[in-house]
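One chain follows as structure tokens, the form predicted alone.
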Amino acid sequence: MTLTAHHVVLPVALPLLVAFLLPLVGRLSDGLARLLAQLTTLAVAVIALLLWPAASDGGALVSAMGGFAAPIGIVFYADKLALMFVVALAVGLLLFRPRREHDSTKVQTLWLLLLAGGSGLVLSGDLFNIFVFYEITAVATYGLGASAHTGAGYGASLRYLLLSALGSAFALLGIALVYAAAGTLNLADLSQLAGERLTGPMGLTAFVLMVLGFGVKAELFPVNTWVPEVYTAAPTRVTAVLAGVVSKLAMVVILRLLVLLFQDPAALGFLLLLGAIGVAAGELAAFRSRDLHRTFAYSSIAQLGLMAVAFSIPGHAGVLAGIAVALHHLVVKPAFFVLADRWRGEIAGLTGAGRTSPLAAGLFVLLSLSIIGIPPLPGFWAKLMLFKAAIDAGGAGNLTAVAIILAATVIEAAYLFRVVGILYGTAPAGRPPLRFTLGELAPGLLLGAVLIAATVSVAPLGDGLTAMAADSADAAAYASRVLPGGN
């Protein structure tokens, strides 16, 4: 069964509708509400997969809501990149569904709002609706961050809300500047007007404001101070989804802005600067951290910095490197947080935990080797693509970023191997062993298996990503598919 462009709205509309119905169902039965939420999430993943063949054949599926053609109407644009992240979000929500103690009808409602908002972020074809779905996503993450019902969770979510509200104001102001300059918010229309109307100080200011606004969710410097607090205080399964998938959705929005609107060197240089600082600051903070949750949170900041550096490189090579880094982080980081769910607290307190949980320790070693970039694991190929794209592009900024990433990789290896040494140390006598049940470890093991599968199929996977990156970097193709008559 192959769906058509008319069904592109379903990954947004279906979970949004069920989210508003779920509290009514929950009054009848919490179990029925949980089942309905999970079936809806599964349906979104299936719909996105069924849309994939049609998107592959034509490059993308374009749906004009209400029959109003672009640039007047609301447009949804489903290419392979967008559908891939819709599937990733839905699968992530299924894989890391809340534990029973956190699995209320309210949490399931927020889960569905996150699915609707995240899907809308990557499928929307105009800046206004991107902002609307960004706000829906934000509201859901505030609630999920506090869903452990602890004082630390409430405090972290409140600070996150305040910073995110500031980011929303930045993004909205940037969007207003774009509209003032170009008279439209449709991305395809803007792609044809950008060279004339979004250059100079006003265009750069709009880009800076939008990057800082959407960068709150993308964990970009300097609007990422919420990350260690929220990722430590929130339920670990929520953290796995936020770090693994949601942050990438915001980076996809920034990628669209770069490819379609802001290809001038000043905008690329600004994103390169933020990315390089994020890599350095994240890895240094992770090295200094003595708490495993915080270590992984700071490491996530560094990995999002890598994505920013990659996307700042013009052409499809930078897009390819950024997508590869994003997919690798999407697999590795949630698996790391699965381990942190049991291995909480001071890293020094994990001495000998690898001996009592050898399967968990083996998974940690596999993930660490890949994120450092040891061949032939996928992390090596992602970093190699990034280095090659940066060196081929040349310039002092790109070469400096390569040097920073190499130094950060050494720091990353130092703190991860330090943890490995502690895990395989001799535990103090009389301390209860830290063991995982198979159910606790199952999501991490599944992601580890995905990592191994990607290692043995790197060639066909690379070919597919190359084609996806080339299409995602083609602004002319985007405009021709969306605008009437291919103008």
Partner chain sequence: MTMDAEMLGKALYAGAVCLVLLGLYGMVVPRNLMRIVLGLVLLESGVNLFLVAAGFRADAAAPILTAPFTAQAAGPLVDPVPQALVLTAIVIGVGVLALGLALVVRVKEAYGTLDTHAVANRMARETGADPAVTAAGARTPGALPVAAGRTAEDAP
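Positions refer to the first chain, counted from 1. Keep in mind the model is a prediction, meaning the values are calculated, not measured.
What comes next is about the form predicted in complex with the partner chain, which does not appear here.
- Message: Only one of S191, T232, S368, N398 gets a heavy atom within 4.5 Å of the partner chain in the predicted bound form. Which one?
- Response: None of the other options qualify; the answer is T232.
- Task: Select from the listed residues L258, A146, V246, L121 the one whose heavy atoms reach within 4.5 Å of the partner chain in the predicted bound form.
- Result: Checking each option against the partner chain in the predicted bound form, the one that comes within 4.5 Å is A146.
- Task: Check, residue by residue, if E135, V139 and A285 all come within 4.5 Å of the partner chain in the predicted bound form, counting heavy atoms only.
- Result: Yes, the whole candidate spot contacts the partner chain.
- Give a yes or no for T150: in the predicted bound form, does one of its heavy atoms lie within 4.5 Å of a heavy atom belonging to the partner chain? Judged by the heavy-atom cut-off of 4.5 Å, T150 is in contact with the partner chain in the predicted bound form.
- Item | Y154 within 4.5 Å of the partner chain in the predicted bound form, heavy atoms | Yes, Y154 sits close enough to the partner chain in the predicted bound form that at least one of its heavy atoms falls within 4.5 Å.
- Close approach of L161 to the partner chain in the predicted bound form, 4.5 Å, heavy atom: Taking the distances in the predicted bound form, the answer for L161 is yes, it comes within 4.5 Å of the partner chain.
- Would R355 count as touching the partner chain in the predicted bound form under a 4.5 Å heavy atom rule? Contact check for R355: no, nothing within 4.5 Å of the partner chain in the predicted bound form.
- Message: Only one of these stretches, 389-397, 248-256, 77-85, 162-170, has heavy atoms within 4.5 Å of the partner chain in the predicted bound form; which one is it?
- Response: This holds for exactly one stretch, 162-170.
- Task: Counting only non-hydrogen atoms and a 4.5 Å cut-off, give the residues of 318-349 close to the partner chain in the predicted bound form.
- Result: Residues within 4.5 Å: E346, A348.
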